[in-house]
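A single chain comes next, written as structure tokens; it is the form predicted alone.
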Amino acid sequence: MAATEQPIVLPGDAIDPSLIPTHKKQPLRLGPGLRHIPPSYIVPTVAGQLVTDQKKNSMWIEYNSTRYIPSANDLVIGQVQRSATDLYYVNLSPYTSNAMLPHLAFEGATKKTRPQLAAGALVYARVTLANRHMDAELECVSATTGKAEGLGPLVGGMAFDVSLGLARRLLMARSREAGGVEVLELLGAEGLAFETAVGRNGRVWVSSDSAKTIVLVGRALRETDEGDLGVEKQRKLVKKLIRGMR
């Protein structure tokens, strides 16, 4: 089932139990804007729209913000700032302290085989620990399989900054139906070959054998974001950009 939008909530509001998703096997996952108060209370910490995803048994608050606050299980694109004895310090946004990425938090990594990342290198990682009183911690392996599953160093390509709202929508399982974002699928349908990684912290990495394609994809994302374009306008934008490219 796709993510379903629910009512507007304010900080401290009581959430109707009928709006809280349930799953026989998966534990409930709380995203940005929600806090669990033992034993069983869930309260909003920001004003916004409550969104639930029954398939992932998760819920979060959709709200406008320009500051990224790390949350456990977020997929993020970070930039390595420096290396210490056993970890990398990774920047997630201009407004948060550096996150910590252990040297061995990569698939099959040992002291001899771990990736050697220089300052400025990009990594696609998952937030494993997020606490307001501590720096966030990252890893580049799946928590369940121990495999990379797309996480790890991002080689080549280019990273583009987007709003946190667009990043959230792009990360939805069905981004077109649930998030109203189709621009990447439309570009692919036009024959452009590229790959992307989307960070919950408002960064999108684009890679392609063609530099023109990378720039065009980045421009399409920026114009979709800044213009808050709906699906129909996204289609018109893609047609215009493709004509200009050819």
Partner chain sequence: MAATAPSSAAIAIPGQLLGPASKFQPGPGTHIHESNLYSSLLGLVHVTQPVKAPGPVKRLNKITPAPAPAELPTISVSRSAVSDKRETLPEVGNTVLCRVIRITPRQAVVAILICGETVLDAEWQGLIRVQDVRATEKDRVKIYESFRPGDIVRAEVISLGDQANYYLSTSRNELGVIMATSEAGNTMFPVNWKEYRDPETGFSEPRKVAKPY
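Only a predicted model underlies this, so the values are computations on that prediction, with no experimental measurement involved. Residue numbers count along the first chain shown, from 1. Definition used throughout: the rigid core is the maximal C-alpha set that superposes within 1.5 Å between two forms.
In what follows, reference is made to the form predicted together with its partner chain, a form of this protein that is not presented.
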Does its partner chain, in the predicted bound form, lie within 4.5 angstroms of each residue among 149, 207 and 244, using heavy atoms as the measure? no
Among the candidates 144, 110, 131, 116, the residue which, in the predicted bound form, approaches its partner chain to within 4.5 Å (heavy atoms): 131
Just to confirm, with a 4.5 Å cut-off on non-hydrogen atoms, which of 100, 170, 162, 127 contacts its partner chain in the predicted bound form? 100
Based on heavy atom distances of 4.5 Å or less, which listed stretch (117-125, 90-98, 134-142, 71-79) is in contact with its partner chain in the predicted bound form? 134-142
Can you list, in sequence order, the residues from 32-48 that come within 4.5 Å of its partner chain in the predicted bound form, counting heavy atoms only? 38
With both forms fit on the core, is the shift of the CA atom of residue 28 between this form and the one not shown 2 Å or larger? yes
